[in-house]
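A lone chain, given as structure tokens: the form predicted alone.
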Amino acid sequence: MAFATKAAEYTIGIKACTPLYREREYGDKRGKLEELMRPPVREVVIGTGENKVSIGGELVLYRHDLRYMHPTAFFVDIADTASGDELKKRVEAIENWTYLYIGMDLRLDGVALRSVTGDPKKFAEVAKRVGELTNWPIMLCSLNPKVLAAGAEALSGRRPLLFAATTDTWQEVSEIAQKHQCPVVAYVPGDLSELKSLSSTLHQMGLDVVLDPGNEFGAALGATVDDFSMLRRAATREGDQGVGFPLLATPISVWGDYKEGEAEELAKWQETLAGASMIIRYADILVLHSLDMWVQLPLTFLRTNLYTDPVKPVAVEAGLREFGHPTKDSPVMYTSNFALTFFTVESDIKQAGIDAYLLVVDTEGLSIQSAVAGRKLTADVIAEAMKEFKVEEKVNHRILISPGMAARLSGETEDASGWTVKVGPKDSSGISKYIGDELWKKD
């Protein structure tokens, strides 16, 4: 019953029930259960091994109906005109792009190799080299089936995503995808009915399908947003299996209007706006060009926030943390276990180089202000946490530093704990001065 409940809530996959797949007698029931549990938007896996990426698998149109399952994957382009050190540096830049955000390393997800030369031999050479340089998922981009065939052959066994099968080339591209067991993008710009027909055909052939209804930005952004919205609504609300596939967006296409000598920053800004719009409008994979931190950070922040579970606060484990080399005379502070609050306080303490103890109180993932207002952070909760984590055994003094936002709890906390409570700064950036000037020891 516990397993069934988790499966019904989609917090665990039915493949975790090993007897279903190990014992032949369950074959029919397994098939029925898989069909019952199949998400409206099918899941597609790109790449192999530990770095493979899953897209799609979505269950709902709106995040707060349940949750979104697989974060939008970011693939950054490399042209097949790149070679030698230029190619190596581009791959390394994609792999090494990272940013620490509330305890998580934000990263990109894959490489999109574009055919600029149109030469199958050249494309295969670069694809092979990219495959040697990285084990990340790869997307092969060309409307020429011969080019795709050469690239897929060079990356045999790596399961790249093939872009794209069109109404003119689907037979050739589907043969390539079947031969190398690759997922394929169905590309029909401007005609959702024809896109549905093509995707259904490819799916009936046993292929994993990704949809590209065409991407136009700038003045035509509204039409692109409408197309993506209609496709996802039809899949999740209307149960239309013909469009129940992941969606691919190409903010990189804004560079098609870029002219040599123009300010690159404008194109980068337009790419950021286009990418943000498509993340919000259900894009499961983005193809991007710029690696600038100011371009990628807004997109990775947006993705991270959008794909958190709305009913599960982003929280860290409660407990007593030590910073530096605290002694019996070191200060003791407390904060909430809301991840953003904790990692901000942690960062400020580390940057200040302070030797201190930090009591992380379980506020059910709420910030200090919200926890105080909602009675999740009270004097009794703080006193119980101090007792549970044996704070009194760590120091000789009995002074507890309260966040400035919880100042109104000071008197009650003193009564509940028996400690003297000193009100610290409202913003953790002031901890350095507050502790450094020993204000916490003064009356």
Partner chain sequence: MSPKKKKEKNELVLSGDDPALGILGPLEAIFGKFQELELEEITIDVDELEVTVPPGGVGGIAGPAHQFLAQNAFAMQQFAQQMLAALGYNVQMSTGQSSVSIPGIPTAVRPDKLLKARFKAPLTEYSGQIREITLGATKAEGGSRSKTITVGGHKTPAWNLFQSSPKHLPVVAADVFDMRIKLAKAVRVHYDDVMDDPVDWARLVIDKFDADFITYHMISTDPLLEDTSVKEAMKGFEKVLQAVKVPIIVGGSGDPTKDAEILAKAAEVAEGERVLLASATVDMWEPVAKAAKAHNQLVLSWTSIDINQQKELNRRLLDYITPDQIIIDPTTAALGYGAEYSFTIMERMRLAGLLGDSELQFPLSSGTTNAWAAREAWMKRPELGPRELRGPIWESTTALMFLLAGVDVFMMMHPAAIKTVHDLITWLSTRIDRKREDFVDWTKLSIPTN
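For clarity, a rigid core is taken as the largest C-alpha set superposing within 1.5 Å between two forms. Worth saying up front: this structure is predicted, and the values here are computed from it rather than measured. Positions refer to the first chain, counted from 1.
Just so you know, the form predicted in complex with the partner chain exists too; it's not on screen, but the next bit is about it.
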- request: Tell me, out of Ala318, Leu133, Leu87, Val116, which residue has a non-hydrogen atom within 4.5 angstroms of the partner chain in the predicted complex.
  value: Val116
statement: Among Arg107, Arg233, Lys146, Lys128, just one has a heavy atom within 4.5 Å of the partner chain in the predicted complex, namely Arg233
task: Considering only heavy atoms, tell me if Leu66 and the partner chain come within 4.5 Å of each other in the predicted complex.
output: yes
- prompt: So, in the predicted complex, is Ser432 in contact with the partner chain at a 4.5 angstroms heavy atom limit?
  reply: no
message: Using a 4.5 angstroms cut-off on non-hydrogen atoms, would Glu35 count as touching the partner chain in the predicted complex?
response: yes
Exercise: Asp355 in contact with the partner chain in the predicted complex, heavy atom 4.5 Å: no
- prompt: Looking at the partner chain in the predicted complex, which residues in 240-260 have at least one heavy atom within 4.5 Å of it?
  reply: Asp240, Gln241, Val243, Thr250, Ile252, Ser253, Trp255, Gly256, Tyr258
message: Using the rigid core as the reference frame, would you say Leu59 shifts its C-alpha by 2 Å or more between the shown form and the other one?
response: no
message: After superposing the rigid core, is the C-alpha displacement of Gly365 2 Å or more between the shown form and the other one?
response: yes
task: Note whether the distance between the C-alpha atoms of Asp309 and Gly374 decreases (closer) or increases (farther) in the predicted complex, against the displayed form; the change is 3 Å or more.
output: farther
- line: Cα of Tyr307 vs Gly365, shift of 3 Å or more in the predicted complex, relative to this form: the pair sits farther
